[in-house]
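One chain is shown next in structure tokens, namely the form predicted on its own.
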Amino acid sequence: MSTKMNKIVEFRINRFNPETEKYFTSTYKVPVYKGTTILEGLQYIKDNLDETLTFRHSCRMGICGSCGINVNGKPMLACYTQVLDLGVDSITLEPLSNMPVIKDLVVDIQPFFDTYARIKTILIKNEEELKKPSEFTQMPQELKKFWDLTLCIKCSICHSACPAAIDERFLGPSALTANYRFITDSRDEGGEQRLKSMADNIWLCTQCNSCTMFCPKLLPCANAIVDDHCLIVESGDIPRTVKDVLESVYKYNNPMGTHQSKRMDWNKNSNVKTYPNVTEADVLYFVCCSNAYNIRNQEIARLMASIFDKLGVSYATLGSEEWCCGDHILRLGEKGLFEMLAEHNVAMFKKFNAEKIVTLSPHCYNTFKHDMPYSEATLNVQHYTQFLAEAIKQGKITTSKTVNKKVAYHDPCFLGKRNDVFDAPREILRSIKGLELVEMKRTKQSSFCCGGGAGKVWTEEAQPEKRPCVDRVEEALDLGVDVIATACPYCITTLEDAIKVLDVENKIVVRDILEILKEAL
């Protein structure tokens, strides 16, 4: 660490006193040098400013995992995180989420370790085999399949970041990843037993990607959980709600259970061009199943079409040849069905000559960009917020009406956490006169999932207090906003359900950014 001080940084620490059972905030001025870590800042405070400050640490090398805390809303290892890398003059430190606070920054990590007690973290083999005085050999190519998943240090950061962990039934990202690690191990013989341990709770995962994004060891937890899903789907031990979704897609090429011939019903009162009547346009408009079939969201599909018309954009849709993008189906673990949908859509994209694809749903956007065979087709794809933000910057769209509303923007996970699209939606909202944009406490990378990903928008069965969408609406209510704005049809559905559950329809509403923009045009 450098001996030359760079600057003074304010440490705002949210604390808990177990004797009074009260939360309070303490603020300290900490000298920061090049290389100073958050943990070293905390030690400076304890040694020089406040010996009552309590925090947990041990190895100081990112190995023990004991110093996890929330830093400006993001779970991190205090010993791994250098203060100057954060690029701020003030840092807010809080204890990790989803676990009881013992004192100050120290949480009771036992709920996290309890998830491991529900799986076997040793090789399961026949008892007679275990008695033999011989090694269980492992070929290098077999080891490669699961080696990365063995690097978990059990810091509980993924558990803290996980929205599904508010339901204690959920094993959590770390335990599910470990379970998959053993299933993949060719020496293990407990596959059936391991599947049973997660079959009744893995469906709570929303695939928001928080676990992977915040893991200090960069483990692909979310991918491992998808693979867990695949194994359970292959076993056939899946809930009725999941079966219904998969059967609907198999029969109708969409999860809504509606015949594909009705795909363009949202277009009854407009003149959107469709394939095969049109095979060429500047923009191929991919509408998404929810916007095509869900009556509430059909208006959003029409609004985007009207804006294309207003801009004079040459655009068209695939009509009834637009099949489900398959994102939810892939995350539910039915890879074969996903590939069938994707291969059809990719074939249609090749038949249609377009400069770019514009999607309404972040889920379509994400899978087109990252999942094979879409990713191999090198598609030029934009989410509609990116398209509109560009048009506003270029002066092609100008708002004339005032919208006097206090609005909190909810970042959809598949737009934000998975694709880093944070600015475009906010630029659209900031362009609207009179609109006051308020940030949620958990925002951008730390945004709290609505709970609708990986098919949960159709399969949710948890009690209201255990639903991420209810937790999210309560957060917005605390801000006193008039509107929760978002840019995802599945967020619209789950958050509106939460408003009904909480019976606050007279206090707050959910609106797609397109609906708010319409008020301003």
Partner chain sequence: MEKYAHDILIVGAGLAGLRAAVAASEVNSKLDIAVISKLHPLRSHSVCAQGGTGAVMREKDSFDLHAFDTIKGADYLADQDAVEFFVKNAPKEIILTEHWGCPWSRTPDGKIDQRPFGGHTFPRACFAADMTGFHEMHTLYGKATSYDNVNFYDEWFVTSILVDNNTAVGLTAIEMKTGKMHAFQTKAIIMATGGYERIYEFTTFSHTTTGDGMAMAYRAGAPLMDMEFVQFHPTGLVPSGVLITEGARGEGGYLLNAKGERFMKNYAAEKMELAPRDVISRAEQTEILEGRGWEGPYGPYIALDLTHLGEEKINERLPLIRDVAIKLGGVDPVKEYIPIRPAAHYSMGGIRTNIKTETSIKGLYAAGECSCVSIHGANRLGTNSTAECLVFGAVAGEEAAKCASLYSFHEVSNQMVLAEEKRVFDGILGSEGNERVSAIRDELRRMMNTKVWIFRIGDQLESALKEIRELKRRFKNIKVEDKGKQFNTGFASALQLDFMLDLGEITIISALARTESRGAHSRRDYPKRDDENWLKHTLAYQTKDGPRLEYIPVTITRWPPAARTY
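Numbering follows the first chain given and starts at 1. Since we're looking at a predicted model, the values are computed, not measured.
One more form of this protein exists, namely the form predicted together with its partner chain; it is left out here, but the text below deals with it.
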Exercise for the section: Mark Pro276 yes when one of its heavy atoms lies within 4.5 Å of a heavy atom of its partner chain in the predicted bound form, and no otherwise. Expected result: no
Practice task
Look up in the predicted bound form whether Gly41 has a non-hydrogen atom within 4.5 angstroms of its partner chain, and give yes or no.
Solution key: no
Exercise for the section: Please check if Lys466 has a heavy atom lying within 4.5 Å of any heavy atom of its partner chain in the predicted bound form. Expected result: no
Practice task
Spell out, yes or no, whether the shortest heavy atom distance between Ser26 and its partner chain in the predicted bound form is within 4.5 Å.
Solution key: no
Practice task
Kindly confirm or deny that Ala281, Lys441 and Lys444 each have some heavy atom within 4.5 angstroms of its partner chain in the predicted bound form.
Solution key: no
Handout entry: Residue (of Lys196, Lys154, Lys396, Arg118) lying close to its partner chain in the predicted bound form, criterion heavy atoms within 4.5 Å
Key = Lys154
Problem - The unique member of Ser90, Thr378, Thr137, Ser270 whose heavy atoms fall within 4.5 Å of its partner chain in the predicted bound form - result: Thr137
Practice task
Please determine, with the chain shown alone, which of 73-81, 289-297, 245-253, 412-420 has non-hydrogen atoms within 4.5 Å of its partner chain in the predicted bound form.
Solution key: 73-81
Practice task
Taking only heavy atoms into account, state which residues of 117-151 are within 4.5 Å of its partner chain in the predicted bound form, ordered by sequence.
Solution key: Thr121, Ile122, Leu123, Glu129, Leu130, Lys132, Pro133, Ser134, Glu135, Phe136, Thr137, Gln138, Met139, Pro140, Leu143, Phe146, Trp147, Thr150, Leu151
